[in-house]
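Next comes just one chain, in structure tokens: the form predicted on its own.
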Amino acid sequence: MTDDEKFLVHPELTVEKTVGFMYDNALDVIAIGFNPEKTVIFSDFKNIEAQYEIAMRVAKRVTFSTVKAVFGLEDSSNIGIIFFPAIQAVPCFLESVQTGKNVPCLIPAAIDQDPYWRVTRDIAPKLGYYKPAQIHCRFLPGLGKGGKMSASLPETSIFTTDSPEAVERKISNAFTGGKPTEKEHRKTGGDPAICTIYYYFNYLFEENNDKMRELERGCRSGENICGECKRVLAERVKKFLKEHQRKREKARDVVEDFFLK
């Protein structure tokens, strides 16, 4: 869910909070190391003047019945969320409009954003543009049992602004695929397929495929115990966040340079 979408569906959010989320996200993008020569960040709040005409062209070709069916809207839904798919479609065509030529668009996004791009693909030819393509990114699982990360449940997530102490606590309490006792785990082994610690290694903190296979083997055989895996992961996360937070603070000096002019 995008920040703007959160604003529309969560009554407790204000414009000020939502814009704050946007800036936080921008700082993280810059801190990761995106090249300012090739990167443009735009905000629906800050840069609506560059998007409104495209959004209107999109909106004219998307019926309310389509939006209602695709997104499960009801008569009580506010009119902002009804119009929002038109805003969400704009990035697919913004480069084409600004350059004056038809530019293909590739969208990396999580599966929950897929309905927006399906609607956009349907109307793209009517606007004279290529249909956008999408790479579905996997959700990183939440640290609790059986769920995704959620900002409303802070203990399920590791945030880029977390302190070393928070990282230690959250990983220490994370759900694993291990057995209730070390003795039982040593005897029968664990299940990495349901282990949040394993997924953090697999997605983010271990790039070597041979080491991942060894980690899986050690888990299933009972050779690796959960406490040790948690300790190693916590150290890697803390090391990453220490450097990331340093870069994030430096990004405050240049964040405005990244926004759409």
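Numbering starts at 1 and follows the sequence shown. Source: prediction; values computed, not measured.
Another form exists, predicted in complex with a further copy of the same chain; not displayed. Remarks below refer to it.
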Point to revise | Non-hydrogen atom within 4.5 Å of a further copy of the same chain in the model of the complex for each of Leu143, Ser172 and Phe175 | key: no
Check your understanding: So in the model of the complex, does Glu37 come within 4.5 Å of a further copy of the same chain, heavy atom to heavy atom?
Key -> no
Review point. Does the 4.5 Å heavy atom contact test between Ile87 and a further copy of the same chain in the model of the complex come out positive?
Key: yes
**Study point:** a further copy of the same chain contact at Glu53 in the model of the complex, heavy atom, 4.5 Å
**Key:** yes
Review point. So in the model of the complex, does any heavy atom of Asn209 sit within 4.5 Å of a further copy of the same chain?
Key: no
Practice item. Please name which of the stretches 38-46, 209-217, 224-232, 195-203 has residues with heavy atoms lying within 4.5 Å of a further copy of the same chain in the model of the complex. Key: 38-46
Practice item. May I ask you to choose, among His10, Arg252, Lys247, Lys239, the residue with a heavy atom within 4.5 Å of a further copy of the same chain in the model of the complex? Key: His10
